[in-house]
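The chain that follows stands alone, in the form predicted on its own, written as C-alpha cells.
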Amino acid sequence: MTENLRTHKDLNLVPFVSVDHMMRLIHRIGIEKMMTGIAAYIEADFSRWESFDKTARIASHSDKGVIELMPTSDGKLYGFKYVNGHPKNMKEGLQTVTAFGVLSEVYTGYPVLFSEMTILTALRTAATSAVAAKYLARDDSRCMAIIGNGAQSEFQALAFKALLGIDRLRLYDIDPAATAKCKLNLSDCGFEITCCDSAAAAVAGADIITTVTADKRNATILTDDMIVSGVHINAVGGDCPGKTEVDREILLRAEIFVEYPPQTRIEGDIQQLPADYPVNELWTFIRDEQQGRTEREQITLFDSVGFAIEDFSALRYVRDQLGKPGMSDLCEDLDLIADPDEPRDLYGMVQRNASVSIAA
C-alpha cells in the first residue's frame, strides 16, 4: 500500500511559502490564534517524543556567528531548518537570525513544503516558551518582564498573552530605542506596559521573566539578588556555546527544564554547570509523566535553546493550514524536482530540453 502523500503528477512541484505568504498567512489566521495553533502542534509532537529522531543541531561556528542545520523525522515526515545567528548583523542593518525550512515525506524522500522560517522561527520560539510556562509558571501569573526588546520580544509577549493571559509587561533593553519600538508595536494589543531603566527594575514584581538578548558572549543579564521565590524564568537568549544570560547561582536555586539535554548542555545557560547536573525534560511533563511546578514558592527556569521538533511542528502546522479551503493563494509551486518520463533517463530529459531551447 502506497504511503506517499501526493499524486505522481504533482510530486515535482513543491509548495513554497515566501516571506510575503507567511505575513499574509499570519494576518489571515491572526497572530495570537496562529501561535496558539503552533503551540498545540508542539505539545502534540512532544507528547510522542519517542517517535522522533533526535540529534543536537549541526553547527558551524565562526568569529562572526553561527550557521546551523536542525533535522528530525517521525518516520513519516522529515524536516530540517537552516538557521544562522549573527549578532553583529544588527549594526549593519541586517537580521541577527534568518532561516528557511523543508518538510519531506519519508516514503519517497520528496519535499512537500519549502518555507521561509525567519518569521516562523519567531512564532515557534514564542509558542514553545509559552507552552513551557503553561506548566511551570504560577497559575495566577499576569505580569512578565522582557529583558532584550529586539526582534523576538513582541512575539514572546503575544504568545504569553494568548496562552497564559499575561496582560502587564515590564520592558528593558540596553538600547532605549528597542524598548520604545517594542512598546509602540504592542500599544494596541491589550497590555499595560512599563518601560524600565534597568534589568533589576524590570524584574521587580514580575511573575515571569523572559531574557532574550542577542550578544554572543557569557553575559549576566540576571543576577541572583534579582530573583525572588515563585518566579518563572524563560531564558531564551543563551543558545550557543559561550553565550549565556543567567547567573550560575540562579541555576543552582532553580528547578531547571530543557528541551533536549545533550543539546542544551552545550548551548544553553546550563553549560555553566557540570555535565551530569540533573535537569528535567519538557516532553515528560507535557505527557504527564512528571509534574512541572510542584510548589508555589519554587523558582522554575526553562533553558530554551530551540530544538528541531519545534521547527517540524511549525512546518507541519503551516502545511495543514495551506490545505484548508481558501488558503491555496498563500503559497506558490516551485518546479524543484526533476521529473523525467523515464526515471533512469535524466540525461535524456536534459537533452530534449536543449533541443527545444535551440529550436526556440
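One rule holds for the numbers: they count along the sequence shown, beginning at 1. Given the structure is predicted, the values throughout are model-derived calculations rather than measurements.
Although it is not shown, the form predicted in complex with a further copy of the same chain is what the next lines describe.
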| item | value |
| --- | --- |
| 189, 228, 200, 275 - the one with a heavy atom within 4.5 Å of a further copy of the same chain in the predicted complex | 189 |
| Contacting member of 175, 249, 289, 167, with respect to a further copy of the same chain in the predicted complex [4.5 Å, heavy atom] | 175 |
| Heavy atom contact within 4.5 Å of a further copy of the same chain in the predicted complex, the stretch among 278 to 286, 147 to 155, 265 to 273, 126 to 134 | 147 to 155 |
| Candidate site 19, 31 and 118: all three near a further copy of the same chain in the predicted complex by heavy atom within 4.5 Å | yes |
| Non-hydrogen atom contact residue 261 with a further copy of the same chain in the predicted complex at 4.5 angstroms | no |
| Close approach of residue 253 to a further copy of the same chain in the predicted complex, 4.5 Å, heavy atom | no |
| Contact test in the predicted complex: residue 139 vs a further copy of the same chain, heavy atoms, 4.5 Å | no |
| Touches a further copy of the same chain in the predicted complex: residue 69 (any heavy atom, 4.5 Å) | yes |
| Residues within stretch 66 to 85 having a non-hydrogen atom within 4.5 Å of a further copy of the same chain in the predicted complex | 67, 69, 71, 73, 78, 80, 82, 84 |
